[in-house]
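One chain comes next, on its own, written out as C-alpha cells in the form predicted alone.
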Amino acid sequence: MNRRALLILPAALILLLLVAAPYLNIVVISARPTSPDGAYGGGFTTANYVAVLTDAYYWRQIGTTLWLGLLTTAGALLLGFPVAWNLARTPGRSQALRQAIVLSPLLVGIVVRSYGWTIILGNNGILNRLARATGITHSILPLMYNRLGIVVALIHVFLPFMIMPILGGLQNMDPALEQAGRSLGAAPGTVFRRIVLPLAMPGIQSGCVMVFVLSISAYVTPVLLGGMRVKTMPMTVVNTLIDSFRWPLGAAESLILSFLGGLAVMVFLRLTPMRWNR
C-alpha cells in the first residue's frame, strides 16, 4: 500500500463507519415490514415506499419542504452575496473581525435562535407591538405560524453557510480582472455579470447546496415557527419514528426526501454553469 492510500485510509474509514454504514442500515430498515412486536419484522417488502409514493398527503409535504428550501436558499443568496462581497473587499484585521461577527451566531444553539424569532414574530411579539404602537395596523400581523416565519428564521440560521463559501470564491478572484474590464469600457453592471458572477459561481453553488440541504432537513425551526400548522417532511419522519414507532415507514420517508433533495441539487449544479457560461 502506497503512502497516498495510507493518508486517505483514516478519512475513508471514518466516512465508511459514520456515513455509509448508517445509510445502508436505513436502506435495509426501509425495506423491512412493520411489526407490532418490535421496530421491524423479518423479510423484505416495498410496501413502505409504495405507501409514501402513492399518497398525495406525502407529496404535499414533500412539495412544501422543497419549496421552503428553495425560498430559504434564494433569500440567503440575496442577503449573503452583498455581505460576502463587502468582506472580500475589506482589508486586514477588519475583515477578520467582520468574519467573526458573521460566524458568531453559530455559537448559539439553533433552538435558542429559533425561539428568538418567536419573540420577534409572535402575535404579541416585538414587530406586532411596534406595528400597533405606530398605528400601522390595529390587527395582528400573521408573521408566524406560516411559511413566512419559517423562511425568515431559516435564512437567519443558515446565512453563514451561504456567506463563507461565496467569500472564499471572491477572495480567490484577481481584482485586476475587474479593473481590466472597466478599463476596456465595460459598465459596472456588465463587469459584475460577465466577470464577477462566473468566477464566484463555485462559491455560490457550494453555498446554495449547503443551505438547501440544511433547510429541507430542518426540524426544530419549522416546528417552533410553524406551530405544527405548516407540515414538512422532517416533522412527519420524526412523528412516524417516535410517536408511531414505525421505523420502516419513517426510514422510507427519509430516503425519499433525501433522493428528491439530491435530485434537485444535481439539477441545480447542471443548470447553473450553463446559465453563467453564456
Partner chain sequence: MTAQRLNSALSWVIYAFLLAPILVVIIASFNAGAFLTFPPQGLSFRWYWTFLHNAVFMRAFATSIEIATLATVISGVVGTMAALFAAQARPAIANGVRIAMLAPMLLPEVLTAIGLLFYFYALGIGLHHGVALLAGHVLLTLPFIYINVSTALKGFDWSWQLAARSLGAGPWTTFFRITLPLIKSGVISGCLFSFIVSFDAFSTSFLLKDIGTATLPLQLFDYLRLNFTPEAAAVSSFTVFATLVVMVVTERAFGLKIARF
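Everything numeric in this text was worked out from a predicted model, so none of it was measured. Residue numbers count along the first chain shown, from 1.
Below, we refer to the form predicted in complex with the partner chain, which is not included among the displayed structures.
Asker: Is residue 50 a contact residue for the partner chain in the model of the complex, using a 4.5 Å heavy atom cut-off?
Answerer: Flag for residue 50 set to no.
Asker: Please determine whether residue 18 contacts the partner chain in the model of the complex, using a 4.5 Å cut-off between heavy atoms.
Answerer: Flag for residue 18 set to yes.
Asker: Give a yes or no for residue 219: in the model of the complex, does one of its heavy atoms lie within 4.5 Å of a heavy atom belonging to the partner chain?
Answerer: Answer yes; at least one heavy atom of residue 219 falls within 4.5 Å of the partner chain in the model of the complex.
Asker: Find out whether any non-hydrogen atom of residue 23 is located within 4.5 angstroms of the partner chain in the model of the complex, and reply yes or no.
Answerer: Residue 23 belongs to the contact set for the partner chain.
Asker: Report yes if all three of 142, 229 and 269 come within 4.5 Å of the partner chain in the model of the complex by some heavy atom, otherwise no.
Answerer: Checked in the model of the complex: no contact with the partner chain for any of the three.
Asker: What residues of 86-107, in sequence order, lie within 4.5 Å of the partner chain in the model of the complex by heavy atom?
Answerer: Heavy-atom contacts within 4.5 Å come from 86, 87, 89, 98, 99, 101, 102, 103, 104, 105, 106, 107.
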